[in-house]
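Next up is one chain by itself, shown in structure tokens, the form predicted alone.
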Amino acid sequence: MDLIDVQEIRVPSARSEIVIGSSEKILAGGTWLFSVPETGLTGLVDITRLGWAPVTRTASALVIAATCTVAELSRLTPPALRTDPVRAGSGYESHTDPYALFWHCANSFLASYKIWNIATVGGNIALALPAGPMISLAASLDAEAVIWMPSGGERRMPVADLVTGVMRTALEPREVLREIVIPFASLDSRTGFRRIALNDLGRTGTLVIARVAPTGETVFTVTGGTSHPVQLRFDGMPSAPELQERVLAIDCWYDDAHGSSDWRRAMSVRFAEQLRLELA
């Protein structure tokens, strides 16, 4: 690691101890933070010892702590399956069940088990890279971010709006992403997943998730190939021309060594139509 200016790592045990200086950063998993030079960074505030339960449930939502690891997230299955050891194993998968998205998105890291056991959901979202699979998961399920403010209060906003660009978020200085809240209404939907990269172990080129709610509302979420999450909402299942028009109208396609914007646009159009047919 190249954090040559870091002089102190503080480990708060309560919210009142989370004080972030102007030249300090939050440390959750650190799998990215420890991989790049950080000139001028003098301190780290490690929030992994705050004792946040990785996953909890309220009456209306599934709550995932920012410090929940990718490994912990990947093991999530519908509560009804937890009493069935045959169906509830790590290989559980139903292509139309939204719980399958936890496994698919975790696998989109294409990282070793060492990374899975350290990288955190909140860290991946706050990093705001286009290929962040936790961004894809949370945005597609209409998750809400709970943000702790330095004043002691909190605010909430959709994860789809929290990520505003490449490594840019709506987080204000010294704010902390506490958790993401996924409404059970989203988990009652049918879903479909498509992802592509330029090679088998490559970074995501584009990732498209479709979700059909019990009400019939249909949402296509495009990430990976765009600089920020893009949601396309329809009252019902759109026609092929309508869906294609909406995907082609996206204006924030990303272009880098992992894929050209034209290729990402074309593959997103193809995936969206495949998912439309799959879920119709």
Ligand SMILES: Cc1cc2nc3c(=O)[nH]c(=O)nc-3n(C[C@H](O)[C@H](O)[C@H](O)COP(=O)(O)OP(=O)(O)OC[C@H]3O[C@@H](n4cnc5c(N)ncnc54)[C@H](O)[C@@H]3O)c2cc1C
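Because the structure is a prediction, the values reported are computed rather than measured. Residue numbers run from 1 along the displayed sequence.
The next section is about a form of this same protein that is not shown, the form predicted in complex with the ligand.
> Would residue 108 show up as a contact with the ligand in the model of the complex if we use heavy atoms at 4.5 Å?
Because a heavy atom of residue 108 falls inside 4.5 Å of the ligand in the model of the complex, the answer is yes.
> Within a 4.5 Å heavy atom cut-off, is residue 115 in contact with the ligand in the model of the complex?
Output for residue 115 is yes: heavy atoms within 4.5 Å of the ligand.
> Is the gap between residue 218 and the ligand in the model of the complex 4.5 Å or less for some heavy atom pair?
Result no; residue 218 lies far from the ligand in the model of the complex.
> Hey, in the model of the complex, does residue 29 get a heavy atom within 4.5 angstroms of the ligand?
Within the cut-off, so yes.
> Only one of 205-213, 168-176, 150-158, 182-190 gets a heavy atom within 4.5 Å of the ligand in the model of the complex; which is it?
The contacting stretch is 168-176.
> Looking at the ligand in the model of the complex, is some heavy atom of each of 33, 127 and 132 within 4.5 Å of it?
Looking in the model of the complex, the three residues 33, 127 and 132 all sit within 4.5 Å of the ligand (heavy atoms).
> Since exactly one of 270, 25, 15, 10 fits, which has a heavy atom within 4.5 Å of the ligand in the model of the complex?
After the contact test, the surviving option is 25.
> Check each of 119, 73, 196, 101 and return the one that places a heavy atom within 4.5 angstroms of the ligand in the model of the complex.
Of the listed residues, the single hit is 119.
> May I ask you to list the residues of 255-275 that have any heavy atom within 4.5 angstroms of the ligand in the model of the complex, in sequence order?
Result: empty, none.
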